[in-house]
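Below sits a lone chain in structure tokens, taken as the form predicted on its own.
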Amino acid sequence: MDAETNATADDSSQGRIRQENIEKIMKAAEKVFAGNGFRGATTAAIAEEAGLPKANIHYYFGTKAKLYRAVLDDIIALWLSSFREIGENDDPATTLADYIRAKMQLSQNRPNASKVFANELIRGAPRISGYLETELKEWVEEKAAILDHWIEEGRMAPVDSKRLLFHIWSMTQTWADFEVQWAAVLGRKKKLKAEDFDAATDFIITIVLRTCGLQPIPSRS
């Protein structure tokens, strides 16, 4: 093996280690920020959760604020991608049902992500207010325009499309943000079961589709 091959192998190994460390830090940060908020979280706690030296946090992200923003950006990208690219020719019932299922899967599998975002909004969105007023606003308007087109064509009942999207968010994210409350009411021990999320998903889909004059519930696409 020549020197060039060795160098390539070393670069590949270093790149893999870097990516693994970043993923560990991001996952740990999401959990710590969810439990303690931005002010209460420390890089020491994040490093301990990640199982890495504290110096790694500063090496890869610089500051706690930059790491927090990276976590928020990852959450936002994840949520927006859960509503696949939709078009005016798509089926309204299938599209809405698939979106609700995707959002509920995120609430079940990434509850800390929802909590981090909720905490940021409760505090007045000091770090993402610009995003809310631009990119998110544009995203909502783009999706709402398609829903409005379906309404104009008589393919779904007249509803306020923007408020519909917000209500879908609130109905799905409550299962992450307030899981402990739901668990108590449903007689669980602080942790919901998979069937709880399945039942909630079907219930939310039923409510939304009935509101939009769309029945029956479509199967998973």
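In this text, residue numbers run from 1 along the sequence as written. Because the structure is a prediction, the values reported are computed rather than measured.
The following text describes the form predicted together with the DNA, which does not appear among the structures shown.
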(message) Which is the contacting stretch out of 63 to 71, 163 to 171, 190 to 198, 176 to 184, given heavy atoms within 4.5 Å of the DNA in the predicted complex?
(response) 63 to 71
(message) So in the predicted complex, is the DNA close enough to Arg16 to count as touching (4.5 Å, heavy atoms)?
(response) yes
(request) Mark Asn36 yes when one of its heavy atoms lies within 4.5 Å of a heavy atom of the DNA in the predicted complex, and no otherwise. (result) no
(message) Test of understanding: in the predicted complex, would Thr206 fall inside 4.5 Å of the DNA by heavy atoms?
(response) no
(message) Taking the DNA as it sits in the predicted complex, is Arg155 near enough to touch it, meaning that at least one heavy atom pair lies within 4.5 angstroms?
(response) no
(request) Between 32 to 62 and the DNA in the predicted complex, list the residues on our side with a heavy atom within 4.5 Å. (result) Arg39, Ala41, Thr42, Thr43, Ala44, Pro53, Lys54, Ala55, Asn56, His58, Tyr59, Tyr60, Gly62
